[in-house]
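What follows is a single chain, given as structure tokens, in the form predicted alone.
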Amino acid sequence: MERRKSSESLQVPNEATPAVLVEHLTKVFQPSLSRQKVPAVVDLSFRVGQGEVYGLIGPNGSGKSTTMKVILGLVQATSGRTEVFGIDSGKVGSRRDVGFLPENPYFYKHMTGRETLEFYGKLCGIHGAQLRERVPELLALVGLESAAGRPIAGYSKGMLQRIGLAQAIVHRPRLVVLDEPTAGVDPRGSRHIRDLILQMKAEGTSVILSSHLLEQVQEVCDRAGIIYKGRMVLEGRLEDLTQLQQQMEYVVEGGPPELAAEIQTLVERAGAKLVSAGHPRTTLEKLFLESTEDKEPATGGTRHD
């Protein structure tokens, strides 16, 4: 049966349209039987460009998951605006080109890996020869060809994450949202997932990655935002965030040890080779820890492109 096409699902964004737009997002929860309101996200703004890998990082309870759920249309915002490829994320059409891998994906354990992908493929409207070609392609992509006929109940944590990633991209979405995709996965499996993220990026797929593994974020993301107590405290390109603006470093090859003061002039006089010069870099982990100390974030501390 052919899927109905609503007017919103027919909207085709141009290249200038961001994959995700979040503007002044605020989400306040009010627990049942309580008069106290709990702000989860406060005046949050950022955007993810088409074909970009964006890292959303922060301590537990910082508002990352709430933000992702609003983007996915699973939670309604208290105020603000969120869009996916130019469509309000509260509308069904915004989710047409989105794949999602939650931190703890649940699958029907009696199904095999192959049956699981066939099931999700049909839910996404893929049938017949197209589905028969897509499933083995995905199993090969995530390295589960040999386990395709095994029930999900026998899969390890790493295998579950990989089959979860396969189901998230079964319909070739233009945006993939990944919540802790390598949580509990061994180093080899983690490397495989990172390679898949980089491959998606190379193919032009936009990715939002939420992870507490900062080395992983630094390796695969183009840009990142650090959320603390529901607010964005730092945001920008990774190379800008990790660059120490107040310091310079030089790497000199073949120069005498007395090269210290007036280094540029001395290098030229000595006939040495200046290999590189620029700002030294910090690590994303150190930046994260400094930015999420238990203090109120400074209003002017956010870095932007």
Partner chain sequence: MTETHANAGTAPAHVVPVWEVSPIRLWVLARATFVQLVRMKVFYFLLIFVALVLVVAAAGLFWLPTEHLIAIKRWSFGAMYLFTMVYSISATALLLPRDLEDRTLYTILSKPVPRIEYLIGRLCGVLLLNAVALAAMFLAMCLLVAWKMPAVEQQLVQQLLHGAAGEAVSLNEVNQAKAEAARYGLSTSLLWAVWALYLKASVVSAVTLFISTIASSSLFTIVSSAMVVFIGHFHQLILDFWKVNETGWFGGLIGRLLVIVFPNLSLFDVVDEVITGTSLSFGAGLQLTGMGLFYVALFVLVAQLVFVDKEL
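The model shown is predicted, which means the values in this text are computed figures rather than measured ones. Positions refer to the first chain, counted from 1.
Not on display, but discussed next: the form predicted in complex with its partner chain.
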Answer key, its partner chain contact in the predicted complex at 4.5 Å (heavy atoms) among V92, A183, A140, L198: the residue is V92
Let me know the one among M159, V75, A148, I87 whose heavy atoms come within 4.5 Å of its partner chain in the predicted complex, would you? V75
With the partner left out of view, is H171 within 4.5 angstroms of its partner chain in the predicted complex by any non-hydrogen atom? yes
Since only the chain is shown here, I'm wondering whether L123 would be in contact with its partner chain in the predicted complex (any heavy atom pair within 4.5 Å). yes
Please check if G189 has a heavy atom lying within 4.5 Å of any heavy atom of its partner chain in the predicted complex. no
So in the predicted complex, does R223 come within 4.5 Å of its partner chain, heavy atom to heavy atom? no
Can you pick the stretch from 111 to 119, 213 to 221, 227 to 235, 198 to 206 whose heavy atoms fall within 4.5 Å of its partner chain in the predicted complex? 111 to 119
Using a 4.5 Å cut-off on any heavy atom, which residues of 27 to 54 would contact its partner chain in the predicted complex? K27, F29, D43
